[in-house]
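A single chain, nothing else alongside it, follows as structure tokens in the form predicted on its own.
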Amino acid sequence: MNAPDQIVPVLAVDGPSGSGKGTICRRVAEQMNWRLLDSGALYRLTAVAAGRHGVALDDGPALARLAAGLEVEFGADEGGGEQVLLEGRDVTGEIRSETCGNEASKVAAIPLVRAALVALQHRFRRLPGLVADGRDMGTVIFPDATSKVFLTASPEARAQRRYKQLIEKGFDANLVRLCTEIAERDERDRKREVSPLLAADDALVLDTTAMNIDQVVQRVLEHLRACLAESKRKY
């Protein structure tokens, strides 16, 4: 039997693209020995699963059933980099391709799929705890999270990080275009009607522009442990 949600701690980490959420969340989850959820990858994983199981990308009901039952595991490889398993197979590279991104955008536009993935995200909440990486983890998916962090950085810094990440993975990238795209995406995300990108009122907001990975991880861990201690005092 699963533990009640209120006794399963959650660290909700939100923020725009390139703010370092993925790397920070992997490091924190590893140090805490907690489960990891990369919410942004779920639409890409649904698209990959659809191709694998012969489901059309415009078949909302079938896609929703597929999304609800995704067998996915998020973690890190031996070097600490991203690793995503779908039905036991490593699909890390596949889900980060441009083709997969385009297919994921079609999937994400289907309300039935979005609802199914909300339910799936809730099922990741298991002991000993969950580190949830996304854009609305602390405001919509886990509003009762034990600890909430909102990571941000200047558009220029985030573009540089994204450029480096793409080049290291063997993808073509243009730094100027990335900077423009990030600024435009920020504007869209802040103004969208459903789950706009914003920090929860009780979140720790960290500007990581001038911080290295170790500094951010340390600050997030300090905040998480302080919130856990406060939570224990309450109960």
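Source: prediction; values computed, not measured. From 1 onward, residues are counted along the sequence shown.
As for the form predicted in complex with a small molecule, it is not shown, yet the points below apply to it.
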item: 4.5 angstroms heavy atom contact with the small molecule in the model of the complex for Ser105; value: yes
item: Tyr43, heavy atom within 4.5 angstroms of the small molecule in the model of the complex; value: yes
item: 4.5 Å heavy atom contact, Glu30 to the small molecule in the model of the complex; value: no
item: Heavy atom of Arg135 within 4.5 Å of the small molecule in the model of the complex; value: yes
item: Stretch from 59-67, 166-174, 200-208, 183-191 whose residues place a heavy atom within 4.5 Å of the small molecule in the model of the complex; value: 183-191
item: All of Lys21, Ser39 and Arg162 within 4.5 Å of the small molecule in the model of the complex, heavy atom check; value: yes
item: Option touching the small molecule, based on a heavy atom within 4.5 Å in the model of the complex, out of Gly101, Pro143, Gly93, Gly80; value: Gly101
item: Change in CA distance between Val13 and Ala109 in the model of the complex, which is 3 Å or more, as closer or farther; value: closer
item: Direction of the Cα shift between Lys106 and Thr152 in the model of the complex, where the change is 3 Å or more; value: closer
